[in-house]
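This document contains two forms of one protein chain, each encoded as structure tokens and listed individually as structure 1 and structure 2.
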Structure 1
């Protein structure tokens, strides 16, 4: 089994999510090769072939040209899977490649279960396990869903791709910065999240105080964000940010599927919930069965001392 992993390169730098692609291939048990449209200085340090095309010549993004480069690597490598990160780059390019190859596309994979790809449906309220029926398949993986390990590091074997026809009617102009978020939870080592169990907006500062005492960031479940208690930039889950901190503390969060998919890769999970049978307990390393509004202030007070 082979996986061709399509790296992302922006403003002269290889994006860290490219190594998550390697972690995905490792979990799949696939032999991996990578495509980088970038610079030789940014070639990812992985075992396997890296197909390099010069971004100075072909642009950091041009869907017409980049599709040709990916297809050239597909022809050389003959992979079973062509894998992108589920990002704006992947959203745009993956369907173009899939349509040209007449291959199945599976989007926003969050896990691999018994060799099948786990994805969310019904706005991520449910999950299903999917397998493609075509000889090749194009995949996109949810950023943060596959933790990078030492197994993803190595020594690449470089091969260059130069197109005979690199013409395009499109011109890459540049990047427009996204609206600045209050916080980038994907980089936080400690996250303390508030769920519907905190009761009301006025109780959110109780959870924020614990986050501050732990030197972490405030997160939230979707119901809390939908209710307007916390800004969307703090939302954890498949419709928010997918995170993998060293410590994740879930306060009053029952454990809806879309939330679990966004945080279950955390190194250590503490859940605080009155319901001992809450689904969050299935992924928690420690489940504290207690009233959040009684337990959290007591814990915060001890930490502050």
Structure 2
């Protein structure tokens, strides 16, 4: 069994997530080859073939061209699986490769169980095992689900890929950096976060008061930020900040993977949720089953005494 792993590369650097692909292939028991559209200086340290195409020439984000590069590697390597990270790069490119090959795609794999791929559905409240029925399959793996155990120290064998036709229907204009932060959540020892379960903007101070009573900062889930209740600099998760405070209190947050990715390394996690089955319960040390708007003021009151 052979897996072709598509590395992630951005702003001139190989992203660490690329090594998670290798960890996945090892768990699957597959022979590895990799594709890097990047630079020679950043080639991953793994044993096996690494197909290298020059990002200086083909661009860091150029899906039409990257698709052709991946297909050229598929042609040479003839893998059973073509594997991406489920990220803004991977979920953009994977379906393009799959559609061209007419291969099944299985998205955001969290585990391998008896050789079958397990994915989450309904906000991870259920799991689903999926099997491709095509000879080749395209897979994307959940970021963080396959952890890298040892620092890779292999010696790659480079093979270059050059395309005759680099035409693209899309023009990459440039990156826009993240907004300036007015709080640095990564330094906070205590974070109390508001989720959609707080109901409306007017209720956010209830959560902020608890944060204050615990000597911590206010955090938030994404919908709360999107709705403009709280500034983006307070957002926790894959598209916000990654935090690991001594205490994280999630108020009315369901526990979507993109939120968990930003806070699950916290030392101690308390979740307050009216839904006993909310996925946040999976990572919480204490789950308080209650209405946040009733429980939080009671808790804050008791702390202030």
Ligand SMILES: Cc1cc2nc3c(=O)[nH]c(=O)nc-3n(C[C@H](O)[C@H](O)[C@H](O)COP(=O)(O)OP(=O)(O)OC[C@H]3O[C@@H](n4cnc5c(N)ncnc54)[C@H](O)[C@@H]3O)c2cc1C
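What we label the rigid core is the largest C-alpha set whose atoms superpose within 1.5 Å from one form to the other. Numbering follows the first chain given and starts at 1. Note that the structure is predicted; figures quoted are calculated from it, not measured.
Remark: the form predicted on its own is the source of structure 1; structure 2 originates elsewhere. Put the two forms on the same core and the Cα of residue 162 is off by less than 2 Å between structures 1 and 2. A displacement of less than 2 angstroms separates the C-alpha positions of residue 38 between structures 1 and 2, with the rigid core held in common.
Fitting the two forms on the rigid core leaves the C-alpha of residue 276 displaced by at least 2 angstroms between structures 1 and 2. Structural comparison between structures 1 and 2 after rigid-core fitting shows the C-alpha of residue 206 displaced 15.2 Å.
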